[in-house]
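A lone chain, given as structure tokens: the form predicted on its own.
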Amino acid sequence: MSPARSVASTLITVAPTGAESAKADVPALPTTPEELVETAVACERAGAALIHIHVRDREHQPTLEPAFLKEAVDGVREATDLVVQLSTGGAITDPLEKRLTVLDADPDSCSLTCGTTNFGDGVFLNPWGFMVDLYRQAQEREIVPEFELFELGHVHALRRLIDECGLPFGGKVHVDFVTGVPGSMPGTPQALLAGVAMLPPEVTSWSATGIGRAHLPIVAAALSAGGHLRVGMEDNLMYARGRAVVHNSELVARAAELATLMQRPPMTTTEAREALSVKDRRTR
């Protein structure tokens, strides 16, 4: 897959919450069901086509409890046409068996991290057996995985997964490079393009995420190399130097503006569903 591959439009993913930031420290973080739905509606209007969801409980703490996961999926699906993707990473302290239950909430898509990685002061565990179990369950349930790549070695693990398990449901392979996490792949254009050059030929689309200060350099590099974008307060709490993000839609709107300037305007939700071969679970 060539870094210069021509792509007509841009898939913009919003990751609005994450599991790392505390509500007390970041009051603008959408952690309640109502805040999540309001954020989803505003971000769809601003140009997002996919939402990557981490769920919080009523005390604003990260949770993988089935009732909260289902509430989030159903609420966003009822209010928007966004592709609904649940994180299977949860918080890095969540047990592996609990993370597998995320698929019970019947999302359109799920994250699948392609290996263990250092994550700040902790370790984000993704052993091989867990990756295979999650992949096969996603295939069986007709859920489209997004392969998260934190390291160049994760690209090799993706190759191994495809060889062992075959293609995902729908036949499309979409990956997201997560760059700039302390201890993982640096958030530089050079690192991102090294990863892109290693992608297996089965990959049909890729996006990139820049944590913190890496946000804008990675946006620019991804757009220029034919990639797609993930933005949101999970990854970046600052809009500019000295100016905090007030709402996730600000980050989506800026990404949409940059994509349009690059003559790669944001994908509609319909285009995103086609590009990812997402099963239509909407009932309305």
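A residue's number is simply how far along the shown sequence it sits, counting from 1. Because the structure is predicted, anything quoted here is derived from the model rather than measured.
One more form of this protein, predicted in complex with a small molecule, exists but is not displayed; see below.
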Q.
Can you tell me if S109 lies within 4.5 angstroms of the small molecule in the model of the complex, counting non-hydrogen atoms only?
A. no
Q. Does any heavy atom of G187 come within 4.5 Å of a heavy atom of the small molecule in the model of the complex?
A. no
Q: Look up in the model of the complex whether R254 has a non-hydrogen atom within 4.5 angstroms of the small molecule, and give yes or no.
A: no
**Q.** Contact label in the model of the complex: H52 to the small molecule, heavy atom within 4.5 Å
**A.** yes
Q) Of these, L100, L167, A91, V132, which has a heavy atom no more than 4.5 Å from the small molecule in the model of the complex? A) A91
Q: Please state whether every one of the three residues A19, F124 and E234 places a non-hydrogen atom within 4.5 angstroms of the small molecule in the model of the complex.
A: yes
Q) Looking at 31 to 39, 238 to 246, 52 to 60, 217 to 225, which one sits within 4.5 Å of the small molecule in the model of the complex if you count heavy atoms only? A) 52 to 60
